[in-house]
Every structure is written in C-alpha cells, then in structure tokens.
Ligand code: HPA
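As structure tokens, one chain now follows by itself in the form predicted on its own.
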C-alpha cells in the first residue's frame, strides 16, 4: 500500500491495515493475547518463554514489515506463556531503517485491538550510568524522547486512542516493583533506568554521551520510545527491559561494533528468560488488581 500523503488519508490507511491484520490473525489463531512482547536486538531467544501454537513471518501479516537489522528475525509467535495467551514479535523495525514512526507503533495498536492487556518490551541499550555493567539487565522507569519524531503525529485521533495521552505513568509502576521483587529472588540485579531514545543508526559521540548523562539518562538506545508512546495512547500498561550491550562512558570509550552488542545481549537472555517466565503470570494477576484501584 502506498504511503499516505495527508493526515486524514494516513489515519484511514492505518485503521484499514489494523482491521485487516486483526481479522487475518483471528482467523489463524482465535485466542485473545493477554500479554504482548516485542523483542529487540539479540533477544529473539526470549520467544522460547512462549510455547508456540502458530507462527507467521511478518511478510504474511497485513501492516507488518520485515526488519533489516541484524538480530531481528521478523516472525510473530502466538501461544502460551504458562497458561497466559501471549503474542511475541521477534524483532522490530526502527526509524533508522527508513520507516515512519507510525509503522514502528503498528504492532502496539494491533495488540490492543486483539485484546492485549500488558505490553512487554525488550531491547539492547548502551550504558551511560557508570554503576551499570555490560550484560546487565535494567527495567525502564521513564524515557527521554530525542528521536525528533512521534508516532501519534497525524494519528492523534479518537479512533485510535487518546488524542493527548498522559505520559506520567507510561511505565507501569506496580509492574516495575513486581519485576524487581522477582529479580531479587533470582539474585538478578534489576535497577531502574531512564532510557534516552535516539534515531540512530550511528552510535553517539563522546559529547553526546556526556549530554545524555547530564540530562538524566541511564541508558541510550534506538527503539522502545515510539512503542511506549503508542501504548500510552491506547491505555496499554508497559513493562520495558533493556540489556546493557556496551558501556558508553566518554572518558573510557573504546571502539564498538554491533556484533559485540549482540553478543553481550545474547549472553544475558538466559537470566532474563528466567525472570520473564516467573513474571508473566504474576504480572497478569497484579494488573487485574491494579486496574481495580481508584485513580490517584
């Protein structure tokens, strides 16, 4: 389908694609996912947390486009995490691949239409906080959007969700506390972190790393932010995790490759998978209780 040229046309196009993708998936996997997962660079093995009942390449699903970045499979897995119906996007597309922001957000809108109640996002990131270490997992508590784009531009319409979504609790507070409690039981350090979203694809300069640290970022990456904004638009709670694939300390900065980041990320997946297996069923229960609490 050709890209839309004006906001009204764009809105119609996205809604049409969402209707097509929803019908296509429901005809092939009739369950309603309660949890959706989006996996980033090198984190594809986390899909093993979900016992598959159906799998599809992105090229078959209306509205999805295949990723070109290394470490992103481009497959959609539908099945169960324990007894929880779940849908896993094995790989994502990025702004730096030339895609518009709404294309990155599309899986989030699709999950919500399919009945998803919790979004879990996993990514690789660079460590800015010197208290972190390569290979460490962090749970995101907030973000700083420095990508220069927003997936809601032209799509901030009631048919898709809130026109002006509140971002003050974009990352689910009760879920963060639960994840950290379970991580302690596994002896897995899981500090909270603020994520700085950059467009990429280049890694940042020394001066940029200093700037990001000074404005409050603990980690930096090239994803996650568009999906979290879209989730806030449709009232979808988010738990987001990042694996520190490399340290970005400007006064001790060595040359870095994407392959090195992938390797460090893949080594952390075993511990992260243990956490996810415990977290999913308890998070679903906590979410039900959380949604019964009055808003404050």
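What you see is a predicted model, and the numbers here were worked out from it, not measured in a lab. Positions refer to the first chain, counted from 1.
One more form of this protein should be noted, the form predicted in complex with hypoxanthine, which is absent from this view; the next part is about it.
Only one of 222, 86, 120, 111 comes within 4.5 Å of hypoxanthine in the predicted bound form through a heavy atom, and that residue is 222. Among the residues 268, 261, 47, 64, the one placing a heavy atom within 4.5 Å of hypoxanthine in the predicted bound form is 261. Not displayed here, hypoxanthine is approached by residue 203 to within 4.5 Å at the level of heavy atoms in the predicted bound form. At a distance threshold of 4.5 angstroms between non-hydrogen atoms, residue 172 is out of contact with hypoxanthine in the predicted bound form. By the criterion of a heavy atom within 4.5 Å, residue 248 is counted among the residues contacting hypoxanthine in the predicted bound form. Within this chain, residue 126 lines the site of hypoxanthine in the predicted bound form, having a heavy atom no more than 4.5 Å away.
Comparing 240-248, 24-32, 227-235, 51-59 against hypoxanthine in the predicted bound form, the single stretch with non-hydrogen atoms within 4.5 angstroms of it is 240-248.
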